[in-house]
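First, one chain by itself in structure tokens, the form predicted alone.
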Amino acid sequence: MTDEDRAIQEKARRFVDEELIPHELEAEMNAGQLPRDVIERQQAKLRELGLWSINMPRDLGGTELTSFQQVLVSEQIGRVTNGLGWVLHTGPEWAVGVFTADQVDRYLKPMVAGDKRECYAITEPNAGSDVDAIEATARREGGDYLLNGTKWHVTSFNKAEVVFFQAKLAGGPKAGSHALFIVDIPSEGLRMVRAPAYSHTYADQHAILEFEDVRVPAANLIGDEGGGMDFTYAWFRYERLMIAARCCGAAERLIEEATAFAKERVQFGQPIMSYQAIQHMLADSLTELWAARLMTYRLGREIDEGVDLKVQHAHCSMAKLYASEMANRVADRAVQIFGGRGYMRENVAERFYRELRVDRIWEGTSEIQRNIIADQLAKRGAGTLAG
């Protein structure tokens, strides 16, 4: 790493240690919520540190860190529970060069500034891993589109002013192909059906939404008709890389906490760290973390180097697959090392044990990642993907 990389990493680590971790238990016991003044202070600190909109161009108001530097920051954010790291704002990087000038002014610049937050309405009751199975529709009517459909797991809807809605076109020359739209919150015909309770304790809800003849102007179509999947894939690549980075951070925190406990916890007259069963769990955890970190760091650098997009896509799947499953194994071992304490909500291992499970599901399940990897292996060979 360069001196600049290390400085960015240290800034992010210090922010997490001083501004986020001290509030974990408060958030856990209050449905993930923190007082407004605490959040505003955290946001101001991020701006002061140059860690706001780290993935967005400077000419739009972002910090424009490299992909590798973004990995370093996200890894540190992963060390905190309860979704408190989501205070670090990152906008839709995939929209740069895609949004029209009007969309940039009305939506993208406010998103970068933090004045508007976005959420994604893609998943449906009958369309999860199989995105092409979505039943939501967009029908052209004069200068507008009418949007209809039910969407599930719309993360952060309760904090958003904009929702990206993915649909299939109904009618016209591109009928049946995908399109992506910008929908303002609130909009007539858009309603939240409910906000289910999930395993983790986050302030951000994952709502079920109903779109009933929601009318949006044609100016809110993103890109061209039929281009919706391209933008979704770009978003998936970015999210899969950052999930891998956050999982590395979570694993590091778990290993540190479990090791410190094992050194102090005395049973049968000696610290449990002296027992081989505990040593082996920690040794396996550290080895797997190192492997995941090397993979994730390398992927960040190769994106900066501009390697082939298909190779990036496969490597993002590989990093997410390995890092997410690694972090879940580490969390399970940490709970075991803490024993009964590891089953208490006030314990970091218990919270991570619940929270990390979803990283093997969202933005593509582990099984879908394996499908992507195997497909690219068949097309490109092991030498290209693992060379």
Ligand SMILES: Cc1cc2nc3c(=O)[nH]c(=O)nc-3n(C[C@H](O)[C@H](O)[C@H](O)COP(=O)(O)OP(=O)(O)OC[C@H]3O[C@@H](n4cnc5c(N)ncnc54)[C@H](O)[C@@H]3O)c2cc1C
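No experiment lies behind these values; they were computed from the predicted model shown. Numbers follow the displayed sequence, beginning with 1.
There is another form of this protein, the form predicted in complex with the named molecule, and it is not shown here; the text below is about that form.
Only one of 47-55, 338-346, 62-70, 353-361 lies within 4.5 Å of the named molecule in the predicted complex by heavy atoms, and it is 353-361.
Taking non-hydrogen atoms only, I372 never approaches the named molecule to within 4.5 angstroms in the predicted complex. For the chain shown alone, F231 is not a contact residue for the named molecule in the predicted complex, no non-hydrogen atom being within 4.5 angstroms.
Residue contact with the named molecule in the predicted complex: A167 places no heavy atom within 4.5 Å of it. Taking the partner from elsewhere, H89 is found to have every heavy atom lying beyond 4.5 Å of the named molecule in the predicted complex. Put simply, of R293, H206, R79, R237 only one has a heavy atom within 4.5 Å of the named molecule in the predicted complex, and it is H206. Out of the listed residues A314, L289, I222, V154, V154 is the one that sits within 4.5 Å of the named molecule in the predicted complex by at least one heavy atom.
Of all the residues from 253-291, none has a non-hydrogen atom no more than 4.5 Å from the named molecule in the predicted complex.
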